[in-house]
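Given as structure tokens, the chain that follows is alone and in the form predicted on its own.
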């Protein structure tokens, strides 16, 4: 009974749990029984040298790769075999290192594209039941403006996405993910290509979304010195294994982590 209670508490506290994940590419073991726990409503950092298994882990969690062994648990549900779009429906969204917005659309239009369940997508309701989709659009616009306010793009709503800076594009991706219904966002190197000053603005917004809206973030990042102070928990990987976990300062100064980056 005690073990069952402990298990239930773990599922409530951690939105993502991986259990002994194994992924191979031919003779290369990219993931070697990887176990991680992503706390709900927190910001978790994943670091490691190139080839350590970070991207493979994220691809397995987000459904772009299937593991040979192990499980991925999301909100208490085994999602190991679910395709990416089914994981999105559950609230798990991944962004990529290079944002891919609709460049010719405005910031607001980019966010509205992510709105789920528009009645106008159905030819019958679009043509006959106009009263059904007009309220939906009004509510979607109101929600989109609210999200843009949270991510700091409210004043940019009429601006084409092509005119945004690198950091603003990352914020737009977050806005679209939340509009899609995400409460858990996996980000692949959000600081890549972003001016250091804007990196701090970007992570200030991420912290606010985490603290005030309860959004969970799992972030791969190489620019560790810039972002470490913003995260709650950290994992380090090398050669397909987790080699350290804990508070960011502990992980960054762990001997095995330092050795992995020095190539020892």
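Keep in mind it's a predicted model, so treat the numbers as computed, not measured. Residue numbers count along the first chain shown, from 1.
Not on display, but discussed next: the form predicted together with a small molecule.
In the model of the complex, at least one heavy atom of residue 50 sits within 4.5 Å of a heavy atom of the small molecule. In the model of the complex, residue 54 approaches the small molecule with a heavy atom inside 4.5 Å. When the small molecule is considered in the model of the complex, residue 30 lines it closely, a heavy atom lying within 4.5 Å.
Shown alone here, residue 106 lies farther than 4.5 Å from the small molecule in the model of the complex, counting heavy atoms only.
The stretch from 54 to 62, 34 to 42, 226 to 234, 197 to 205 that comes within 4.5 Å of the small molecule in the model of the complex, counting heavy atoms only, is 54 to 62.
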